[in-house]
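Shown below, as structure tokens, is a lone chain in the form predicted alone; questions about how it binds or moves come after it.
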Amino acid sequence: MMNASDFHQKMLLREYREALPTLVQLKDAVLQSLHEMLDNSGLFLTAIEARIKKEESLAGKLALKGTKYASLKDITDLVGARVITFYTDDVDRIASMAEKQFEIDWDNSVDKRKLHQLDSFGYNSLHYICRLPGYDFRFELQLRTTLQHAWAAINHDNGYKSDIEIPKEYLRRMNRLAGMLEMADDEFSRIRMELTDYRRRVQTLVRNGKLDDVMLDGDAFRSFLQAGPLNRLNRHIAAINQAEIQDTPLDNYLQVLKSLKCKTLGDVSRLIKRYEEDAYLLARHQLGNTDLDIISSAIGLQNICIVCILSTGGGKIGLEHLFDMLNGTNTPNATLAAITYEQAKNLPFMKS
């Protein structure tokens, strides 16, 4: 004979099957709402996902604590959504956005990060119980980092946190790894924050013209280029043929400038000022007899590097090395070096 508890579980499961179309609609609406909230946020995310609890999973849950639920609407995780991000501090940013996007059931939500259990790293998600307007059912939103998510998946796969007792030696080793991963999670966020501070300092130094105080690296070089130190030269070169200037990334010139003994942004600035007139003369010889009406924004810096190499005795070999750095090592670079050398050989800077 079926007892009252079994009958109640059976009724909840039947209610679940009848509610499935509504749960599917809720899952899709939650996903759409999360994408609207996050797609243009500028945050680096691993995943935005949602699922409906399977009937067998629900049956297992009801078998353990079915009497806790008067109706299906009392179960808060029939629809579950998860946002996985790279950085711990982004979890809080997403949480703040979710609080504005959804109605939060604070009594049933939990921030497991504040529990500080020794073995809880992979379960340190922020769990919000939320409601969307127009739906009677609530849903669970989990926010966690990529490392937390990976740890939770590995633990689940190995039976950790299950009812199966695991030898203490394995638990000890897993807890040690959990501590290491938690430190890594925190350190990634700390490094990102310090890099952001560094970039701001560099931008301030560049704006204030203190270029000798800034070592030449990728971030510093990009900040320097944003100030437009090559704009005047490029416009002057474009005027030769009334050409249009097409923007081209200049990141690959970083290693070239370092090979020319530039160590700071001040060195780069002085290199440009020293050779920009000769770079223009070289461009006149390159473009004067052509009808090119589109030129690359790299032409000014490339010609400055060419003039620097030739005026310091680098010759064709130096030019070939330049083009190898810019284009990758290949046979046409030797031909390009020879052509460039011929274009420049009668210019004043070759005779100085």
Partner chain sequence: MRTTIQENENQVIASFEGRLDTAAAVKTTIAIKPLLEVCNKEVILDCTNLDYISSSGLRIFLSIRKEAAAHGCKVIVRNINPEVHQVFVMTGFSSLFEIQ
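These numbers come from a predicted model, not from an experiment. Residue numbers count along the first chain shown, from 1.
The same protein also exists as the form predicted together with its partner chain; that form is not shown, yet it is the one meant from here on.
When you look in the model of the complex, the only residue of 299, 319, 307, 50 with a non-hydrogen atom within 4.5 Å of its partner chain is 299. This chain appears without its partner; in the model of the complex, the one residue of 327, 67, 312, 40 with a heavy atom within 4.5 Å of its partner chain is 327. Contact check at 4.5 Å (heavy atoms) against its partner chain in the model of the complex: none of 255, 269 and 349 pass. Considering its partner chain in the model of the complex, the lone stretch of 101-109, 220-228, 126-134, 239-247 in range is 239-247 [heavy atom distance within 4.5 Å].
Under a 4.5 angstroms non-hydrogen atom cutoff, its partner chain in the model of the complex has residue 332 among its neighbouring residues. In the model of the complex, its partner chain sits within 4.5 Å of a heavy atom of residue 343. Heavy atoms of residue 11 never reach within 4.5 Å of its partner chain in the model of the complex, leaving it off the interface.
By the criterion of a heavy atom within 4.5 Å, residue 63 is excluded from the residues contacting its partner chain in the model of the complex. For the partner-free chain shown, 286, 287, 290, 291, 292, 293, 294, 295, 296, 298, 299, 302 of 273-304 come within 4.5 angstroms of its partner chain in the model of the complex, judged by any non-hydrogen atom.
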